[in-house]
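Here's a solo chain for you in structure tokens, the form predicted alone.
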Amino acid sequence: MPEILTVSQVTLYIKRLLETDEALQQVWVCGEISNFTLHSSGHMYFTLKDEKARLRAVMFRRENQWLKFRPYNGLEVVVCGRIAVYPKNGEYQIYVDLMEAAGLGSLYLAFEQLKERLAHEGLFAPERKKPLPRLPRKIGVITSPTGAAVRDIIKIIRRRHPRVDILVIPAQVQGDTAPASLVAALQTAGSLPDLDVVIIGRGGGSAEELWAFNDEGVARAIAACPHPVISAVGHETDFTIADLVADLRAPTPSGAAELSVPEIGELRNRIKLCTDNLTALFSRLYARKRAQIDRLSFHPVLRHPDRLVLARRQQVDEGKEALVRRMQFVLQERRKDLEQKLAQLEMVSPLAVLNRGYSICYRDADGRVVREAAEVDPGEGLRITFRRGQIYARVETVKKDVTLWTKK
């Protein structure tokens, strides 16, 4: 009877076969990434596929931390690793040690990915670019202190403007430790309040040698620098992320030196030109004002100022007379109106009735006016008012039925 194996035994047997095959311990495989997953642990899990087959793949964190680009579904890659079996699933897979982008190249792909991400964040936006000062007094230079670039920058700045101070902030410009060194130098420059401009760069080189200026940390440090930053990386045809983030890109380190400071001879010529223009402007202005003064000196007002005073005095007298006439007219009208109202009051006044020989009779008890005889009783006291004076009387007899006149 044949030997019966468990699933685990079969899987371990196949695993030993694959892992002892020297041809499968360092194999290069080309394929398209699908089902890509970046686990929270940092490990990458994905599938490599072509038109006819699929191969499971895993790239652990200790290997993928050196990738210069981030893989994604649909990317064509070339990987190097070992073929082994994952016993739990019983599947064979490749454990990736190295990965390169097929066609474009890893460096170019990493450049484009970082460029797209930083552009989306607005780090390349023109509105965040800081303008360069017209007359800087102190310039910081971040580069290798032993390279040709720093000598060219110092030489050109000294030639163009000898009075500008130059502070060289040493930094590594290539290699694995260069990005951290450049970030530290930028932070140092940002902490110096007397710097007016910062130049960061290096001379020409290969894409790998210039790669430190494509680092994300360097790009963010340039964006965070409080001083205007000029990038000067490589030759005119070289282009890095630092060039896009910087406030101004110079084609070369020498070009950065020329852009950072004005030429002192040119400044002197511009100052002389401005002085000559101002002198000519003031001369024309003086001549114009002098002509105006000469014209005004012949004006009648200035030659005979008393005439103007006399004319104004006559106008004041005429205005005074008109005002007096107007006031007299208004007073007369008001007087007439008052007399009319007094006459009207006189007609309805009770005193006018008294003047015509009538009198007013009041009850002595309560002071009420007596209009009819029936309003008083015999023995009641009365107060009678005449045109002049009053008398007090007592009623002896009341005749209520005597009528002097009847209202029709």
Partner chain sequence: MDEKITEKTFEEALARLETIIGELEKGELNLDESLKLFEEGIALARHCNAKLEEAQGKVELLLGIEGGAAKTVPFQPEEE
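Numbering follows the first chain given and starts at 1. All values reported here derive from a predicted model rather than from experimental measurement.
Here the subject shifts to the form predicted together with its partner chain, a form of this protein not shown in this document.
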property	result
Heavy atom of residue 282 within 4.5 Å of its partner chain in the predicted bound form	yes
Contact label in the predicted bound form: residue 188 to its partner chain, heavy atom within 4.5 Å	yes
Residue 220, heavy atom within 4.5 angstroms of its partner chain in the predicted bound form	no
Contact label in the predicted bound form: residue 162 to its partner chain, heavy atom within 4.5 Å	yes
Region of this chain that lies against its partner chain in the predicted bound form, out of 309-317, 233-241, 81-89, 268-276 [heavy atom, 4.5 Å]	268-276
Check all three, 15, 27 and 61, heavy atom within 4.5 Å of its partner chain in the predicted bound form	no
The single option of 251, 204, 175, 133 touching its partner chain in the predicted bound form, heavy atom within 4.5 Å	133
Interface residue in the predicted bound form among 336, 120, 288, 325, criterion: non-hydrogen atom within 4.5 angstroms of its partner chain	288
Residues within 4.5 Å of its partner chain in the predicted bound form, restricted to 31-58 and counted by heavy atom	none
